[in-house]
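Read the single chain below, which is given as structure tokens and is the form predicted on its own.
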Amino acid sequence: MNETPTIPELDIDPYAADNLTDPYPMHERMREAGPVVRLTPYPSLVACGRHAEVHAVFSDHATFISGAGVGLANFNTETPFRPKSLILEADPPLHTQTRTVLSRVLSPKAVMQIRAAFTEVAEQMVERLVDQSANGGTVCGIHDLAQIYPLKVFPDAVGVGPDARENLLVYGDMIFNSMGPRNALLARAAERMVPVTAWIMEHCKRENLRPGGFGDQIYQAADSGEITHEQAPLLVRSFLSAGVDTTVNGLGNVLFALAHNPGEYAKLHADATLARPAFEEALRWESPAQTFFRTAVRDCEIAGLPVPENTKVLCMLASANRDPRKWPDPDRYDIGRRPTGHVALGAGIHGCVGQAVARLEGEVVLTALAKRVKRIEPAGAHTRRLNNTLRALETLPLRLTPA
């Protein structure tokens, strides 16, 4: 008789501070142990660290659902702490209905219409940084650019007013921390949440959104009956909770990559059309979202290994994006690489609905830098902001040499 294959078990906590600070040794252990592993601190889940299995799970939305939550908590057995996202934590047919609306709001035509405004802001911000650096000064890649740029252009596009937008960072930090365990990171994030949640929900109301913006267009879809008026503010909330933090960290990570790989930045400075590939490779190399979960809706298998019904599946996006089975020399940041197939923005029907906007932001910021800055160099030690889901920098001191 054939024995049932067993899943290897590792004594690894992916949410331990050491592993959040430097996750790559952990990722290698998980990938080398097998296509699916169990983690001793979390006996009710299985984890996938290789690209093939992560991509397969994401691509099979009928077996591995999102409606039970895309974090550690299982919404089949516990009540969500907030109303579920109608896009991220939904399955067909509800997901199909809401995604259709958001896909139209964020269509290629819509992205083209905001390109000029996004480019102008990027050029203005880079110009200020160049002036700041002209006399030998340093800048912070996070607080002087990676945070303030998305906080300006994306809420503008949604139609949110200019006041207190830093609340979006606090809210996003909480949402992404809540996808992990109930640890100290979540507790600290939760302490700041009550007034911020009230601000978020107030700014999701139609009367507080600029007419014609992305948010108002969601309400227009409610007017036409595509969604309900009760769903509209929740979809605007999904915009605001997911549309800022990931881009902030994507920009911070690409600035880190270019500062620590001067040869790659020299290529970008020589040819600004490499801005999009440079950002795409940074998404693979330092994935802004490190992990997402799915839940098995029935007894099934991953890579021939048994996964019981209602099991949480931890998909290690950042590990998959450095899997040597998929990428040659995966630990090297190489803007000449074509990282097609990376899963930093998901895959399948739940691939990031706003990815075209995120890519636009990365492209126009890097294009502005390539044209005005000859060299980007570290100007001191960087610090990290630990989050249960995000790969985030707190500070990134840089020295910019004007072109």
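Since the structure is predicted, the reported quantities are computational estimates derived from the model, not experimental observations. Numbering starts at 1 and follows the sequence shown.
The following text describes the form predicted together with 3-methoxybenzoic acid (OVM), which does not appear among the structures shown.
- The contact residue chosen from Thr98, Asn177, Asn321, Ser238 relative to 3-methoxybenzoic acid (OVM) in the predicted bound form is Ser238, the criterion being a non-hydrogen atom within 4.5 angstroms.
- Among the residues Leu106, Ile87, Ala157, Leu209, the one placing a heavy atom within 4.5 Å of 3-methoxybenzoic acid (OVM) in the predicted bound form is Ile87.
- Remark: none of the three candidate residues (Arg31, Ala56 and Phe293) comes within 4.5 Å of 3-methoxybenzoic acid (OVM) in the predicted bound form, counting heavy atoms only.
- In the predicted bound form, Lys205 stays away from 3-methoxybenzoic acid (OVM), with no heavy atom inside 4.5 Å.
- Although the partner is absent here, Arg332 lies well away from 3-methoxybenzoic acid (OVM) in the predicted bound form, with no heavy atom inside 4.5 Å.
- Under a 4.5 angstroms non-hydrogen atom cutoff, 3-methoxybenzoic acid (OVM) in the predicted bound form has Arg82 among its neighbouring residues.
- By the criterion of a heavy atom within 4.5 Å, Ala242 is counted among the residues contacting 3-methoxybenzoic acid (OVM) in the predicted bound form.
- None of 248-256, 87-95, 301-309, 148-156 except one has non-hydrogen atoms within 4.5 angstroms of 3-methoxybenzoic acid (OVM) in the predicted bound form; the exception is 87-95.
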